[in-house]
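In the form predicted on its own, a lone chain appears below as structure tokens.
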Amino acid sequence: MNSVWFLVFLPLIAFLIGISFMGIGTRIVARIQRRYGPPLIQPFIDVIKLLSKDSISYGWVFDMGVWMALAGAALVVYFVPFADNIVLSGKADVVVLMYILAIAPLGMALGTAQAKNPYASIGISRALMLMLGYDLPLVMVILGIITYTGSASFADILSAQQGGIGNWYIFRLPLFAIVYFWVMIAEMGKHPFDVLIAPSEIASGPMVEFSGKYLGYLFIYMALHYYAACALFVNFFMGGAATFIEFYLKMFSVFFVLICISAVMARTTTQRAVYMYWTKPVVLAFIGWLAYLGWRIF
């Protein structure tokens, strides 16, 4: 289904899924910590409230950074298969997607650099350093999936996982799945890798100079990012989905496990995070490669 209406409303659907995850995640963390927590619709209320307010701008580069981050997140949504729908399909979907994923962080870096706030600069430097750490194991996993499938097309990756739960890559490539999930925690900025926000240290880092509508746009960006991260795991390792309900339940199961792990972890330092990603996940991904090569040989 690649109708015009689906293309128009896909970012809205992704936003609603992501914003629901934000609300549910906050409530889950509160219950784990024996608190009641805010209403489930609180993130949606916050977005509406922020979009109704004026924003402070520091110049056209600052403005462009916000729109670049939002546009990059929306573009990612079109490349990630939605249930049984592959909107932008080609022979190198995954490779192209890896490049597109870098657009939003670069937009944030541009905007915060124009604001010249030291907290924002520290937050962005931490984010880029953390990306440098988890990009290595992420690339190893993506290359492993492409090599195992024999294609960089999402259609081929999903097709290879059909025929039963035993064909899902989470069971056929378990080490790659573990490493990718490990990377997801940092990608979504959750504990223990929330070093770029760290309110108690750098006053929310990159977010500190954004206000009003711009802060609302960044909430939308985060909701789209939540959706894309969970949807990618489902498509890479859980065989995708045939219906919307199945797709949502699979994404929610991934998010639920992630948020439960995050809720009981304490924040680490940037240096330790980078060192950790260059050691343990890289070793696991390397073992996964050895296992794949051994399977091909024998």
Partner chain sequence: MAECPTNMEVAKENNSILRAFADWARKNSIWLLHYCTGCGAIELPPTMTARFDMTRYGFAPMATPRQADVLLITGYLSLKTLKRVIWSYELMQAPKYVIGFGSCTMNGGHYWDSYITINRLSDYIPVDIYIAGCMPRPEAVLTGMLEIKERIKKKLPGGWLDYEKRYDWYKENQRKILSDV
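What you are looking at is a predicted structure, and each value in this text was computed from that prediction instead of being measured. Numbering follows the first chain given and starts at 1.
Although not depicted, the form predicted in complex with the partner chain is the subject of the following passage.
Only one segment in the set 65-73, 238-246, 39-47, 262-270 has any non-hydrogen atom within 4.5 angstroms of the partner chain in the predicted complex, and it is 39-47. Although the partner is absent here, L215 is a contact residue: one of its heavy atoms lies within 4.5 angstroms of the partner chain in the predicted complex. When the partner chain is considered in the predicted complex, I56 lines it closely, a heavy atom lying within 4.5 Å. The partner chain is not shown here, but in the predicted complex it comes within 4.5 Å of a heavy atom of E209. At the 4.5 Å threshold, heavy atoms of S52 reach the partner chain in the predicted complex. Taking the partner chain as positioned in the predicted complex, the residues of 13-37 that bring a heavy atom within 4.5 Å of it are, in sequence order, Q33, R34, R35, Y36, G37.
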